[in-house]
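First, one chain by itself in structure tokens, the form predicted on its own.
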Amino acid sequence: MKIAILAYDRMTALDAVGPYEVLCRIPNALVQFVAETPGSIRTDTHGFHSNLAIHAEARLEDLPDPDIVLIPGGSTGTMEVMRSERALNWLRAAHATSQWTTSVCTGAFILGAAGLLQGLQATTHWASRDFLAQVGATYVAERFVRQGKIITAAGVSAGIDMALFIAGQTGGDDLAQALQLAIEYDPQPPYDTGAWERATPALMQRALREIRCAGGMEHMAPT
């Protein structure tokens, strides 16, 4: 099973690495990070004076027909990918033969820019939810939303939930449950503020400031 994770400048690391930790454990899976230009890809945490980077070992054209496509979100780099005909053409072609075409967080807007979300329900990071209509999709406040073979996950950590679902679909519930245990994914956060519907206005404003510090996309208007 060939799995392609798109890597691009100013992507969000956990959008990709969270699902990777699940998907790479599916038997006979080959996971590759692909990019327009292979090499070291810096993540959007550079706004926090971090130098975290992800290495993409392959060009887009090296993996034209993945079984699973995963598009992570990010900051302003996401908008650049939305304007890249090379990336969008690769995504359209890969989607034509994929078993699953997926996104995490604002990666949904890249799917939308490729014309894949028109008329569908979808989810994304809560701070960018109002913009989904601009790519033809209807926002749903869920951890992930499946529409046929397209799955969109909400912000950042929701990609792990989506990846476990895919593991269950491809290898059965026993495999998915074993993988969940293997990565000890048992969320018990010290605070109950992980969903925007439960947040106070003041907390939402503080969260938006934190997003802006990393060059986030709560203000993004897709083109």
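Start at 1 and count along the sequence shown; that's the residue number. Model, not experiment: these values are computed from the prediction.
Unshown form predicted in complex with another copy of the chain; subsequent notes refer to it.
Mapping the unseen interface onto this chain, Thr124 counts among the residues with a heavy atom inside 4.5 Å of another copy of the chain in the predicted bound form. The closest heavy atom approach of Asp173 to another copy of the chain in the predicted bound form falls within 4.5 Å. Another copy of the chain in the predicted bound form comes within 4.5 Å of no heavy atom belonging to Ile68. Shown alone here, Thr37 lies farther than 4.5 Å from another copy of the chain in the predicted bound form, counting heavy atoms only. Three-residue candidate spot Pro64, Leu120 and Ala133; no residue lies within 4.5 angstroms of another copy of the chain in the predicted bound form by any non-hydrogen atom. Counting a residue when any of its non-hydrogen atoms is within 4.5 Å of another copy of the chain in the predicted bound form, the hits in 181-202 run Leu181, Ala182, Ile183, Glu184, Tyr185, Asp186, Pro187, Gln188, Pro189, Pro190, Tyr191, Asp192, Thr193, Gly194, Ala195, Trp196, Arg198, Ala199.
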